[in-house]
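Structure 1 and structure 2 below are two forms of the same protein chain, each written out on its own as structure tokens.
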Structure 1
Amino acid sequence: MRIGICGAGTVASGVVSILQDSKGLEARLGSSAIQIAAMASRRASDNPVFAGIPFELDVFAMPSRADIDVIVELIGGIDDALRLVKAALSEGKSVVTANKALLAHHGAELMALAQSQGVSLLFEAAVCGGIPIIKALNESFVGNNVRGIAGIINGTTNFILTKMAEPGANASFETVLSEAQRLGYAEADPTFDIGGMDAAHKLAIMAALAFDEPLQIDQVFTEGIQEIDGEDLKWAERLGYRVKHLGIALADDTSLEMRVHPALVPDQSQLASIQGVTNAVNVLARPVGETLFTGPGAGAGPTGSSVVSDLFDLARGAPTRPPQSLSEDRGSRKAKSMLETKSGWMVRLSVRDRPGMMSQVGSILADHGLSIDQIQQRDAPDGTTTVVMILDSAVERDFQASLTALKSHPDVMPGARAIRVFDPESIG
């Protein structure tokens, strides 16, 4: 099988390195089962790992080459990648891609084209780097009824929250973000990571596979970590929680919810233990139960390994058809509005230290059907009191109404904060 690699960045270097050290592949497929016919990139590369591979500067010339059977799309972005992948599929060539944004926005169109041409579009590397979550959802859970997914699916945000929460760190969000950029864990423009869109793309893909529903990126509620501060993390820890940036997808027989946002998770939960740039995906299915997939979420080795895994499947002629739903635009479940979802909450208020103030806060919450699970308070020298509460699970619409009422109270100071609490058992 002859492949053409489009892109010459970090992931491409990982793919080439793995294929050049191909003892494992040779043992399973025979010598030279996967050959790199050519590489293409907008700019020439001096990376020594690419030495000796035919190279050209026009990626769009690759699909029509007769000496290439499979296109590996690693150029990133959406518009040029869409043009390249459509051209390759139209030429009757299978495609392996690591492009989550392309799939989240155009996956249905591309899957339909691949099916019409009788070729494959594989994308293990598009979600969570080296974790084989796509194969698991597409193959291993066949025969199960997947009810929920909850995971840490962006390494940049997990690194930032981990560093900010370290004992004695007292580091601001901006300081830790700069460190992440220096270490190569965050892009020069980190908006897609810290704003949650990277995680939203991954969650949309996983949810489509898990629940056999169409890709619905426009139905993913997305909230980043830009507003999280050190006090949020300290109070969470005092109350027995860690703050993580989660992707959550839940389904029942009639509805589907998909959301990406910061959330408190219990200290003793598996997700609370995931540190640094590591990713983790918790899948709850029946009858198998709860399964945790964890590992490196990005980088040349992990992502390159997933690309090679897809190439291996193509080279050995394994069935590689995704569920029919990925090429359709209509599903059987109705997507929930975020206002209809349920979460617990951590609320932090600064209030004037006056008699009966806590009773008034409790009354406002009760008027909206909310109850308090935990409460702590700390007096300040300026005559105010910081009040931090963990609220029991409630419908988002009711909580937001109560928060608005609290903020409008004359003795509640500006700057009230709220972060959702995620109960891992809720995916059951």
Structure 2
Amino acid sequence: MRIGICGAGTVASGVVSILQDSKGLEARLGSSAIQIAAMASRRASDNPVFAGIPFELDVFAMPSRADIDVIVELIGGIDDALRLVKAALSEGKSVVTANKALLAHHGAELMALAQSQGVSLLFEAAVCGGIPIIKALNESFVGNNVRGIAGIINGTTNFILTKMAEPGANASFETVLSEAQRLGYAEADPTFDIGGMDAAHKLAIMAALAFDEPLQIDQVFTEGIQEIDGEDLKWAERLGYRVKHLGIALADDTSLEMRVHPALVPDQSQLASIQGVTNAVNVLARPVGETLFTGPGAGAGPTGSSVVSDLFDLARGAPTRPPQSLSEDRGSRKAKSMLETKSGWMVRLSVRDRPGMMSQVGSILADHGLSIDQIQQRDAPDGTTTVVMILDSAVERDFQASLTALKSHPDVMPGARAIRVFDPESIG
């Protein structure tokens, strides 16, 4: 099988390194079963890993080459990648891609094209780097009814939150982000990581496969980690939690909720222990129960490993699941509005330090049906008190109404903060 690799960045270097030195592939398929016919990238590369591979500057010339059977799309972005993948599928060539943004926005259309052409569009590398979660959702859980997925699905944000939470951490957000970029974890546009869009793309793809529903990226509630500060992390820790950036997709027989946002997770939960660029996806399905997939979510080796696993399946002629699983005409569940979802909350308020203040805060919460699980307060020298509460799980609409009421109280200072709490054990 002769492949053309489009893109010459971090993931491409991982793929080439693995293909040039994989004893496992050689043992299973024989030597030279997967040959790199050419690479193409809009910018020349001096990466020594690519030395000796024919290199072109026009990625769009690759799909029509007679000496290429499979296109590996690693150029990223949406518009050019869409043009490239469509051209390749239209030429009757299978495509392996790591491009979650492309799939989240155009997956249904591309799958339909692949199907009509009788070729495959494979994307293990698009979700959670080296974790084989696509294969698991596509194949391994086929006898199950998946009810929920919850996980840490962006390495860059987990890397940043981990560094910010280290004892005595004083590196700025920007410094930690630059380190993530230098290590090849971040997207070309890091606002996709920080703002939660990268996680939303991955969640939309996983949810479509897990629940056999159409891809619905526009239904994913998306919040990033831009607003999280060191004080949030310290208070969370004092109260027995860690702050993580989560992707959560839950389904019952009639509705589906998909959300990406920072959340406190209990200290003793497995998700709390996931550090650095590591990703983890908790899948709850019946009858299997709860399974946790964890591993490196970004970087050359892990993401390259997933690309190579798709190439291996193509090279050995493994049947790939019929690709209609991402198509628009599947599923019947209704997407829930975020206001209908339920979460616990950590609320941090600065209030005027005067008698009766706590009972007023409590009665505003009670008026909206909210109940306090934990509360701590600390007086400040300026006559204010910081009050931090963990609230029991409540419907978002009620919580937001109570927060608005708290903020408009004359003795609550501006800058009230609220972060959701998620207990993975609540799935089910």
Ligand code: HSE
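It should be emphasised that the depicted structure is a prediction, and the values quoted were computed from it without experimental measurement. Just so we're on the same page, rigid core means the largest C-alpha set that superposes within 1.5 Å between forms. FYI, numbering is relative to structure 1, first residue = 1.
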Among the two displayed forms of the chain, which is the form predicted together with the ligand? 2
After a rigid core superposition, would you say the CA of Ala186 moves by 2 angstroms or more between structure 1 and structure 2, or not? yes
